[in-house]
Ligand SMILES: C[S@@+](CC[C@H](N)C(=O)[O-])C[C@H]1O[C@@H](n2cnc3c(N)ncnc32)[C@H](O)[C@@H]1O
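Before any questions on binding or motion, here is one chain by itself as structure tokens, the form predicted alone.
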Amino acid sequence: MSTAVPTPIDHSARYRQHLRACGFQAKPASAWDARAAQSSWKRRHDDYSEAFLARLDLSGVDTALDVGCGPGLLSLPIAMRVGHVHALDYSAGMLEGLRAAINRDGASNITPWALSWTDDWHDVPRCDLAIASRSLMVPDLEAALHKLDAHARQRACITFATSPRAGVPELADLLGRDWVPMPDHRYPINMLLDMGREPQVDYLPESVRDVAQDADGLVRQTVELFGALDVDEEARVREWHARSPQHRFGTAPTRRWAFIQWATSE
């Protein structure tokens, strides 16, 4: 007796279902504008940037596209090694930081673009390399991957979270809150395979945590994650912070990131 072939998995549909299950809300540009104004923002991401750049293959690359470029943490060092970088972001604050860095460093080979994933990229040139670093948690991941792939002549590279931020599952248990983690790197890998690409996967080391975070800061971040806390819940969070300093949420990234690259086609 023959066994029926399983129905192909629609990874894009499952991704959208997962986003709905975890209550995903895309951040408005204003949220990133606020982060761009934080003077210590760049310092907190140096270790991630170094790990990313160490794995990025720039051989034969003259032009690069950086989608979700922020203040240029990757665009600037890449521009020192290639002919030209096109840097896209939908946050005016982040682009303001990028332009300030361009002027500071004299990086005349970077072109900023005020664009989002859903905007028309018709005027953005195709580049040898296209990257999207930690900028792909979007409502339509499949469309974003196709868009990035189409703008890359040789290859593309992304990073995607492999797990939730350190401490979040423990906090959910502590508060007795229902919590669904965000989609992880398995979704873009499977979507790329569905696209006929052959993704190569590596993993960045977990970033160093900022253990100087105080209890008030942890309470604020807990509210951002889970909503308003009652008096008892806030007390539990503060007690948890006091007895478990290794679980403090600093403002440094504490996720493990998958580094995913693939060859594109003309």
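All residue numbers are counted from 1 along the displayed sequence. Source: prediction; values computed, not measured.
There is also a form predicted in complex with the ligand; it is not shown, and the following applies to it.
*Asks:* Using a 4.5 Å heavy atom cut-off, which residue among 190, 116, 162, 154 comes into contact with the ligand in the predicted complex?
*Replies:* Spelling it out, the residue with a heavy atom inside the cut-off is 116.
*Asks:* Would you point out which of 131 to 139, 99 to 107, 192 to 200, 167 to 175 contains residues with a non-hydrogen atom within 4.5 Å of the ligand in the predicted complex?
*Replies:* That would be stretch 131 to 139.
*Asks:* I have 48, 69 and 94 flagged as a candidate spot, so tell me whether each of them has a non-hydrogen atom within 4.5 Å of the ligand in the predicted complex.
*Replies:* All three within 4.5 Å in the predicted complex.
*Asks:* Using the partner position in the predicted complex, report whether residue 74 sits within 4.5 Å of the ligand, counting heavy atoms only.
*Replies:* So residue 74 counts as contacting the ligand.
*Asks:* Can residue 90 be called a contact residue for the ligand in the predicted complex at 4.5 Å between heavy atoms?
*Replies:* Contact check for residue 90: yes, within 4.5 Å of the ligand in the predicted complex.
*Asks:* My question is simply whether residue 240 lines the interface with the ligand in the predicted complex - judged by any non-hydrogen atom within 4.5 Å.
*Replies:* So residue 240 does not count as contacting the ligand.
*Asks:* Would you check, heavy atoms only and a 4.5 Å threshold, whether residue 32 touches the ligand in the predicted complex?
*Replies:* It does: once the ligand is placed as it appears in the predicted complex, residue 32 has a heavy atom within 4.5 Å of it.
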